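Given as structure tokens, the chain that follows is alone and in the form predicted alone.
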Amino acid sequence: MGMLPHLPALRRGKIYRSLEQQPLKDCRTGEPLGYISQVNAGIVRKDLARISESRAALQEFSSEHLLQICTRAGELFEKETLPLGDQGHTQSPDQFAETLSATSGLPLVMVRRNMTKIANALANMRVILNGLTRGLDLGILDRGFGVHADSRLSFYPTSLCLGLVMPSNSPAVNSLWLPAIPLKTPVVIKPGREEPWTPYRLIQAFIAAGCPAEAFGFYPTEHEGAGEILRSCGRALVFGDKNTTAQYAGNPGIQVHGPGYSKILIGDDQIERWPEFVDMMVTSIADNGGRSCINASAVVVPKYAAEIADALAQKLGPIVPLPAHDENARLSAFANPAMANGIDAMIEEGLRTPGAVEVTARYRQGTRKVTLDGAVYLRPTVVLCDSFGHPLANREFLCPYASVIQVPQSEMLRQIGPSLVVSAITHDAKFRRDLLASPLIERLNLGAVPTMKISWDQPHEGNLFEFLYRRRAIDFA
């Protein structure tokens, strides 16, 4: 295995080198770039039996001190050289970006953009927690009780730790677990198969900033180990496709992060202005290579569906893969070519069902699935569907993909289904009230706001504070 870096497991912060190690390969050349230890479910189970010690280590710090550590960790993560593995290797920010691009398929420009998002999340952690807790004095968490806005308050943890079964699609998804640390909750992380680099680097940044190493578990593991984390952590986040996440739906201890089915809706009162919104729609569909759950995967309009689909296709259809170092790259390679093959086959199968036409085909030279520098890509796809009943109408894929569906405004909220983000372009007071009252919409943007826009003080996918803490009734003299 030579001098390639080795990523060990971290058992409550302590390095653990397993006899079983997997190569981390460049998705374009197949060349190993490092190795990663694999652990079994028994090790996870054994370590979780002592997780109270990890929580105790964090309890020694005030929330204020942990917020300062977050700020420093963000600076270290983005700008400094940090330890990498257990053989004395280090990793500069540029080396991190290059390696992550190679194993995940993300072009460098997107990796760096995701690095900045994570660093900004850490820099803005005070604002994020203010949004999650609705302005709670965090000193109440330090003391266990206190007074806020003339109310006696006490909160208790719902779990000793937070389990995380992470994906490989986008580094910035790691920003979702960062508030757990200033909320004094240890994390137990199963990294994504092609993307262990970001959580590992974040852990090193936290430790270098002064956070206790015991607060971090890093367990590269297979399905059984992931299941142990989800079963035994008390509170956990799981990421994956519909098949992966469906089995955990309804489990109050597991927050499911599956497909977002995010959408753009245009109301009757604004539809005549649709050409003004094309660029906003393109951004929503294609930013970050279409890999985010907050990318728009459907555009729902009361009329002009064909015209809108054609306008989007004119912008998106010509987009081609570019080399990983090209600053203009807008598409991500697939680390697992079988996934690209499967998505391409699903789209083609759906197009054989009457009622849908792929509009991007008019403006695309060649096939949807293409190869560049040994890596497989899927080019943007816009499909005009005649109804939400079509198999391609309410789908989400790991590439720039969107359906365009014509639905009367009065029927939209009955048909769209659960949606992580809805950007609704309307000034109609009644329609806005209906949108605000809809339980199907997790985050609502009123106006021509891209679905990809996030606000630090607005949790966009679940509230981690309410997941990790519960309020108790209390009185004191």
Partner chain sequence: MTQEFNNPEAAQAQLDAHVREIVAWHFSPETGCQFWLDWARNAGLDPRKSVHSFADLVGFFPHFQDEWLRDLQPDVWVPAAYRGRPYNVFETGGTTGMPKQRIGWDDYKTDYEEFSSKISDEHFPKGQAWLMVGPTGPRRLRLAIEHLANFRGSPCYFIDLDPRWVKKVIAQKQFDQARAYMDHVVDQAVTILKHRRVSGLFTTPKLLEALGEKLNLHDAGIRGVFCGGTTMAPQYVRFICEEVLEGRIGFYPTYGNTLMGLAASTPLRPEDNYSITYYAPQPRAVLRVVNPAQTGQLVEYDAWGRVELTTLTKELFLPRFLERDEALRRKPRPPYAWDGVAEVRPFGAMEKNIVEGVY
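What you see is a predicted model; the values in this text were computed from it and never measured. Numbering follows the first chain given and starts at 1.
Not on display, but discussed next: the form predicted together with its partner chain.
Looking at 42-50, 58-66, 406-414, 429-437, the stretch with residues near its partner chain in the model of the complex, meaning non-hydrogen atoms within 4.5 angstroms, turns out to be 42-50. When contacts are judged by a 4.5 Å heavy atom cut-off, R17 counts as touching its partner chain in the model of the complex. Contact check for E224: a heavy atom falls within 4.5 Å of its partner chain in the model of the complex.
Among heavy atoms of R231, some come within 4.5 Å of its partner chain in the model of the complex.
A residue is said to contact a partner when one of its heavy atoms sits within 4.5 Å of a partner heavy atom; R11 meets this definition for its partner chain in the model of the complex.
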